[in-house]
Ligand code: C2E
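A lone chain, given as structure tokens: the form predicted alone.
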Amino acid sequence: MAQLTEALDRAKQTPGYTFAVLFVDCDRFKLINDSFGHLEGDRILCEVARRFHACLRPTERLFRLGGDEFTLLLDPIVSPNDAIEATDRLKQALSKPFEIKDCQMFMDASIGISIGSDRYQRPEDLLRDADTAMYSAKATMSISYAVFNDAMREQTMQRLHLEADLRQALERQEFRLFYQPIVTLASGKIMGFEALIRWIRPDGKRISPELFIAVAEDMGLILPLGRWILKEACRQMQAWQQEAWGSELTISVNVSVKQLARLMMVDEIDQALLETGLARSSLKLEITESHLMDNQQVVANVLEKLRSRQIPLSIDDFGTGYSSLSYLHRLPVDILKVDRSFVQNMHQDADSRNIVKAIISLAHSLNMKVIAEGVETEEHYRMLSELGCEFGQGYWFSRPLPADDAAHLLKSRPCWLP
């Protein structure tokens, strides 16, 4: 920070003087720590530092902030291209494998760049912006570095406002559940609903779940929000079942991997079912395939406890995750949900049609059921029925509806057969 302050002072005193800060985060380092232990992790960090130091220029200084995060100060630079060239050297330094207990491990890095000039008032702002750029590079994945710009600053401010609004929304109970029917294709009857969270502000403005769910997960708010969703969905389904619409109706609830990573999740499910009186067989839990693949070991114990309670598990967005399918026979998966991107293109794209056919065949060979998402036309419905898909969900049947409208749908539309 002292050297950043000196560089910033020079920029303020010398017109046109610029320098750069590179924020470097080592990708996949946690995997090394988890697999080989912290002593080996420390040894690898020392090796990373040696490699970085060996590629420095006389005007460059290397610092370790903590963990697997390094900072490079380039003082001065002629143009931003100097900083970009430095990222290439750092990446090249990591190109050779690291030797760990007779194993070879490869490591990459995500790098954020902030260009220092007299527009900055505080050295910590330079680090903040380089850090923001690094996360932008990490999120993009197709690039290894990013240079901070005003658009990132605006996104950061929007994120901060969204976080503050999310906390207030939870306190003010601004969230609502909408319900989208899941239809049995053979009979055309509703077999259940998926509960979908909606954020409706007091002024009536709706915030897309695509904007706030990931933020809620990062903030840890997904845990209290998830508890509310689970209990409210169970309460609503129990109310519908008491209306004499049949105990065979089920409610599907999305759960995040952060919820499943906590053994308390099982207790929370037990409590929700006990308080609402809903039968275990009426609740289905959905988890996104990519989340499950990233955290198989973490969630395995929880899933086994859910299996002992005979609570079914659905894999959402199936077909968009990893190529490994080994988890399907090791984890208690009951239902595969075909991602809408395949369903919507199957009538005009042979590859999508073949993927849907393969998923249905795979599921049936493992004694699983299939729900196709994104059913938007009668043609989708007919093709899926011909392929032997059991269930469908999508706008051709209904959009997600508030509870009262969903109840009216149960009364007024008993069958969707063409």
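Note that residue numbering begins at 1 and tracks the sequence as displayed. Only a predicted model underlies this, so the values are computations on that prediction, with no experimental measurement involved.
Just so you know, the form predicted together with the named molecule exists too; it's not on screen, but the next bit is about it.
Chemist: Out of 348-356, 389-397, 34-42, 48-56, where are the residues with a heavy atom within 4.5 Å of the named molecule in the model of the complex?
Modeler: This holds for exactly one stretch, 389-397.
Chemist: Can you pick out, from I77, A86, V333, I222, the residue that has a heavy atom within 4.5 Å of the named molecule in the model of the complex?
Modeler: Contact with the named molecule in the model of the complex is made by I222 alone.
Chemist: Would Q241 count as touching the named molecule in the model of the complex under a 4.5 Å heavy atom rule?
Modeler: Q241: no, not in contact with the named molecule in the model of the complex.
Chemist: Taking the shortest heavy atom distance, is I213 within 4.5 Å of the named molecule in the model of the complex?
Modeler: So I213 counts as contacting the named molecule.
Chemist: Heavy atoms within 4.5 Å of the named molecule in the model of the complex: does D68 have any?
Modeler: The answer is no: D68 has no heavy atom within 4.5 Å of the named molecule.
Chemist: Would V375 count as a contact of the named molecule in the model of the complex, using a 4.5 angstroms cut-off between non-hydrogen atoms?
Modeler: Yes, contact at 4.5 Å.
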